[in-house]
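Only one chain is included here, represented as structure tokens and corresponding to the form predicted alone.
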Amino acid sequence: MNAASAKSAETRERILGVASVEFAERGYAGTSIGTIAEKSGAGKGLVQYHFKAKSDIAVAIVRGAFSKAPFANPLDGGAEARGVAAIVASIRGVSGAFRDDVRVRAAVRLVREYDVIPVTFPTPYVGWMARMAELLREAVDDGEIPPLSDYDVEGWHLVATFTGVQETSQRLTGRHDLPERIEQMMALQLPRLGVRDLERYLGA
């Protein structure tokens, strides 16, 4: 990548970073191209060079958030984990992203506000659901849980349960209690899947 391309990529990332903070805090309607341009130091013309409309920025944030780790891909440093251990690591990783990653928080808010945004967003969570189904199959293969009737359905429900917990945590405490609530969720859900030794997986 030459110097001009590198500078252009850096500017684009800076715009997305500022936009993520604005969308997470103010929502789509409360965020303007002008504010993003001012706070990023890029200028309105340069913002619109990279993104023709505010909705294009929103799409880029949503696509970036839900297509990368920890949603669809193995967690960094967790390639060795399989089955139930990998499910726990993935859920904890996503929980941390919801709490600490402003781009994920922005993406979640934007998806929630889809009805006022003139664009079709990439469907969230589907990659994570598929990952959960894959890990459940590993857990069965490794003898950690008994065979399941439908791995895709179980993966869907794990993700849906998580999203409900995080949404409730957001509404009631601004996600301050999310780590505790997620641990409680897993302590309830894992035995339902047939996990017997909870301490082995949740003790860490």
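All residue numbers are counted from 1 along the displayed sequence. Keep in mind that what you see is a predicted model, and the values were worked out from it rather than measured.
Just so you know, the form predicted in complex with a further copy of the same chain exists too; it's not on screen, but the next bit is about it.
The stretch from 51 to 59, 36 to 44, 169 to 177, 139 to 147 that comes within 4.5 Å of a further copy of the same chain in the model of the complex, counting heavy atoms only, is 169 to 177. Using a 4.5 angstroms heavy atom cutoff to a further copy of the same chain in the model of the complex, none of A3, R14 and R131 count as contacting. When contacts are judged by a 4.5 Å heavy atom cut-off, G83 does not count as touching a further copy of the same chain in the model of the complex. In the model of the complex, a further copy of the same chain sits within 4.5 Å of a heavy atom of R109. Although the partner is absent here, R192 is a contact residue: one of its heavy atoms lies within 4.5 angstroms of a further copy of the same chain in the model of the complex. At a distance threshold of 4.5 angstroms between non-hydrogen atoms, V21 is out of contact with a further copy of the same chain in the model of the complex. Contacts between 116 to 140 and a further copy of the same chain, taken as any heavy atom within 4.5 Å in the model of the complex, involve V116, T123, P124, Y125, V126, M129.
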